[in-house]
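Alright, two takes on the same chain below, each alone as structure tokens: structure 1 and structure 2.
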Structure 1
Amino acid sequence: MSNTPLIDELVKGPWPSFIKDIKRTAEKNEMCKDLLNLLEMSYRDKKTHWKHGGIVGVRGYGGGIIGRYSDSPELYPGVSHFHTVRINQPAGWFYSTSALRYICDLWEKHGSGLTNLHGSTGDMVMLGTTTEHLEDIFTDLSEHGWDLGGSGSDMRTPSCCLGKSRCEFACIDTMAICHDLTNEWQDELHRPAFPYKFKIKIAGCPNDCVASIARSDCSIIGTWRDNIRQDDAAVAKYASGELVYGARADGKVDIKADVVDKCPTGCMSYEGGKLSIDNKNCNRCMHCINLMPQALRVGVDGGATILLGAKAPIVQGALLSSVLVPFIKMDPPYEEFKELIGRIWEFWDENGEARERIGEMIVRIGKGNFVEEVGCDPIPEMICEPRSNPYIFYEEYFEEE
């Protein structure tokens, strides 16, 4: 194996190391040997030795493959090309062992053998192949029922939590929504035409296990608009310690201290052994339900809250998504949601700047202007943060005679 003292430092310590995994794969793959040497050179020179990827893909698709070339092909020919292929993951990340074995065999045949399941985009990420293998990879994938994911300035591969398939808190069928939207927007997924990337992530409940509110341009978060279901007998069992959960070291729940006093909107009270909830002031934070899941359950009138605008800190700082629609029913064929997204995309296409995420555009033009242009009525839930300016300015409206 090559002499790589600098990157070998990353193998030390108690945590898993990607260097250790690459070295193990390099025992039977020449690309990975050159990859280790290129990484060592980058650490030594304190700069990257990857060139800008440029455009690379398969016939008919503009997205799904990220081109990557080394600036030192004469030194390390094994990574002169090292393209990344994104494969559209199944909804909820449910795999059979035969499906995973197929992917691994495919990548040992056509690529480096290195994989990444799953990145922020959500796709299966296959790291390292050459240009001449791309069409064969795509043909092989297609014949086995797989498709490429998104990359570039397009809609990225939608992803979701496992929803109602395994979770008792799910208010919407996340996997059905994810599958439908993926099929509906194939052009937007594979033929880049947006100012920049657009990610959709779907969470079944406000616990948001897919972290959609922090890392997707459009968050679909399951919620409910009726009352929290309450079992008073189970509440009494939590109070007595007959039912326990993880609120304290001993597993017991102090309803006053652990539940009521930590309600962010103060919509709960506990007096005389009776738990009362002012549901109109509940903001669906899930705290009480998480602590007493056998006593409190999500409502039955399920739907979703739609939020827009999250992104990681690349060009500008990180943004969290903020509410656009507090509640929308998400029943097939999801026409109301699709029409809303169509209006948003049309406005973004006409007004977004190059490589400007939709959240950045909203900050630039003002959320009030954005809401008006996409045809939504302004409501208090849309407020992202309190205004810092104490003065209020009103637009002048002139009615036609």
Structure 2
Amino acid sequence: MSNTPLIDELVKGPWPSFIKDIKRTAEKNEMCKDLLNLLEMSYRDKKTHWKHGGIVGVRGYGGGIIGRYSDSPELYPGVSHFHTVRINQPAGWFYSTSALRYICDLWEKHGSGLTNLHGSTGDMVMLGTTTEHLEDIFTDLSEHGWDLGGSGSDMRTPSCCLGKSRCEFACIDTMAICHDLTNEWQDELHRPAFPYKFKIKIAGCPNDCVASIARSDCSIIGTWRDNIRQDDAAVAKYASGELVYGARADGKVDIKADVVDKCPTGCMSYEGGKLSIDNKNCNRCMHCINLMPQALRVGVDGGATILLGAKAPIVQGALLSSVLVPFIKMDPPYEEFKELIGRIWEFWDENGEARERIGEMIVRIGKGNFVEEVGCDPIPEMICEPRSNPYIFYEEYFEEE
């Protein structure tokens, strides 16, 4: 009889089973065996058997390794130390099989053989190794052209959607930007010196496939300033049903009902078989382009909207990023953007409180004050609506002579 009856239940069913996978790997790896045992114990006790505690790392770096210890080392010595190594992924999560096989070999030699492809920040997350292996792992990696990702109060590993490599919606070259910023800020990534973590995510268009607006302190989201490109012949094909949305049975596009009437700004019309867009009033929501990608395309004058401040709930509640710069060109070497971020970091460094994300700091000191401090002009694009309360702190007033 198996000694892991509870987690064995997760071998069943059509979705890929991580338990089955760990079991296969456990045939050759002791750590995996004990991980299964420890996990079985969690499933039985309904509680975690991990502790945080000690700090480990490779020499000189403050980020990239997360220490992890089990609370039952006597029972399951194989996972008493089970640290995580974050490896900085190639932009867009593309791999050659030779690169990926190298990583597998490394992890066969030095770790549990288990990974997350990928962690939420974007890194390759290598689960389970011990302190003795860390320096060897790092040396091996750097000799093969790889480096660690971030953790702690540093710039976290930037990540991006695949952008121009395979998506016609991309208004900016997300992968080039991601690679460049990652290299530009290596020191900020490896040697934590910020008040808290700082995440950067880059999406090629407002569809935001990397959830940058919800998950990054700095969201770079592609957009365009000129007009939506329109192919009237293709519009006609959608109208006739020759082209459909997706491969759906009901994929025939009703241009009036599905496109024009769903345009949130009411800036489209469809009369006598002619689709017209009042581009001045389009808010770049992507709906019409998503629905008819063969007929409508983003404009050619691409750039990015820069938004700041997203974070998960702890401590002051969750935040989404909000607009700082409505449009900025993102062409190499991205100087204007880098200078802006430099000013933001400078200000945050001096004014951020311990464990305060930049979004929380902006709320604390007021967005109006913040934008002024980092050298931007207050503009209506930054807000949904002006204040409705009269508690204005006027900075200037007249005094009688």
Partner chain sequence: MAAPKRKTDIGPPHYDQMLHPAIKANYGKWKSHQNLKPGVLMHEGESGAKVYTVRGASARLISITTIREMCDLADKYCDGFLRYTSRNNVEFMTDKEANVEPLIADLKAMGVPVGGTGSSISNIVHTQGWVHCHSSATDASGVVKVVMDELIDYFTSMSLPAHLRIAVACCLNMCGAVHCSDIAILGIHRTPPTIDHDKLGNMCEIPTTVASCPKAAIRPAMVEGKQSVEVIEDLCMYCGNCYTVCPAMPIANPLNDGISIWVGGKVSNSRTKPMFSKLAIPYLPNTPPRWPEVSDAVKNIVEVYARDAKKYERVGEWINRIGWPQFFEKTNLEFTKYHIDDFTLASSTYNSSTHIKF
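If you superpose the two forms and keep the largest set of C-alpha atoms that fall within 1.5 Å, you have the rigid core. Model, not experiment: these values are computed from the prediction. Reference numbering: structure 1, starting with residue 1.
S.K.: Which depiction, structure 1 or structure 2, is to be taken as the form predicted on its own?
M.R.: Form predicted on its own: structure 1.
S.K.: Quick one: core overlaid, is Pro90 moving 2 Å or more at the Cα between structure 1 and structure 2?
M.R.: No, because once the rigid core is superposed, the C-alpha of Pro90 moves less than 2 Å between structure 1 and structure 2.
S.K.: Using the rigid core as the reference frame, would you say Arg44 shifts its C-alpha by 2 Å or more between structure 1 and structure 2?
M.R.: Yes, shifts by 2 Å or more.
S.K.: Can we say the CA of Glu353 moves by at least 2 Å between structure 1 and structure 2 when the core is superposed?
M.R.: Where the cores coincide, Glu353 shows only a C-alpha shift between structure 1 and structure 2 that is less than 2 Å.
S.K.: By how many angstrom is the CA atom of Phe18 displaced between structure 1 and structure 2 after fitting on the core?
M.R.: For Phe18, the C-alpha ends up 4.0 Å from its position in the other form.
S.K.: Looking at Lys274, what is the CA displacement between structure 1 and structure 2 after core superposition, in angstrom?
M.R.: Lys274 C-alpha displacement between structure 1 and structure 2, core-aligned: 2.5 Å.
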